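Given next are two forms of a protein chain, the same chain in both, each as structure tokens and marked structure 1 or structure 2.
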Structure 1
């Protein structure tokens, strides 16, 4: 018993000495305030040159802050259910899809009801094998790089070298893809059918159908997490 007490006291002394040697965390509030001031100054300078530049600068900072604090990333929404079983980010993405479905449908329907050209129709592109192949390749690249476009930009701001490297090749790949997109479009993309759901199911039917699909995916994600996380606890 005395030996045990001495061992426990010795280990506690080592832990306390180790904790005492830890460097205190630096106060980053002054640095953060300085960054905010610099962002405001740059935004005012840009706004004087062109009002929209100041607006874009402000919105970029706001989105960056939200991304960094929420850890919102499309890669994590697809990767985490397979690796950790967590679907919190997956469900957040699905909620975002549901909100944007309603909002964009309202905008498009407003234009259509007034007889105006529906905005965004240039993004209704043909669906073909190229769509699936591109999605799979991009998904593999996102997992290897550790982030999607938004997640990569957010982590570049945090100073991660891996994401800086990923961003560089992201830009290079985008430039190469844009230079050769005409060939891919002519040979593969344009041969598939283009589907605009309101043309098939009507505006209300298209919204209801898409929201039902999102709701089913949300429920499946919740059940998946309950199964995986519950099984890991057992």
Structure 2
């Protein structure tokens, strides 16, 4: 399947109007290189002040580059099945889950077996009504705004003014959320369990179970697209 967005050279569709190409395109590559150089300079300056700052800056740059190049969109992975029935992004996200599940667990298991504290455990958070409310609000918000947190940042970089506005109100919403956080914590979050799957199923059991779930979801996503769009091509 021709997945890329490049125009095919031999035009097979005969259109009566001419393409609305108005002027010769400007070449933005030099500007792009300038931005890359600028990013390296900022990275070096920040790394010189504090290595972690430079590293995080660099990681951000890499994530932004990959997100933009692949048009990777977590919003689309949840939204497209609802709107068109397409699950190509959904399946890509599931593959990302599968890869990171294996690699993260390898790292975590390594730490645990050496008797060291397991890294990244702050991402194992309590499940409560707040998770449900937060998930639903976030889900509605990202579809309406046309991008989640990473997607909004990526589209700000693409020059989308609408997303600058949505980023600002994301920040405002975060502030209000933080203001109310004590209430939510006391009422709900504190009573919710934090479940680290290896504690329940063992390391191997947790990974196998999670990969099985991902595989089932992948299959379900493929079937969903077939049903809604009549055959998936990839």
Partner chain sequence: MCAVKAFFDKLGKNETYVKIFKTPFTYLTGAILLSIFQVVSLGATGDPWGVSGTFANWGAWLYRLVGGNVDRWYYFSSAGAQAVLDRGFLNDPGTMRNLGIIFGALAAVLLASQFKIKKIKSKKQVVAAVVGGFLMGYGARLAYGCNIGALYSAIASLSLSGWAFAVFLFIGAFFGSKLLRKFFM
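Throughout, rigid core stands for the largest set of C-alpha atoms superposing within 1.5 Å between the two forms. Treat the numbers as computed from the prediction; the structure is a model and nothing was measured. Numbering follows the first chain given and starts at 1.
Each structure shows the same chain on its own, and structure 2 is the form predicted in complex with the partner chain. Among the listed residues (213, 112, 71, 58), the one located at the hinge where rigid parts rotate relative to each other between structures 1 and 2 is 71. Relative to the larger rigid part, the smaller one turns by 9 degrees between structures 1 and 2, according to C-alpha superpositions.
In the core-superposed comparison between structures 1 and 2, the CA atom of residue 50 travels 4.8 Å. Core superposition gives residue 35 a CA displacement of 3.3 Å between structures 1 and 2.
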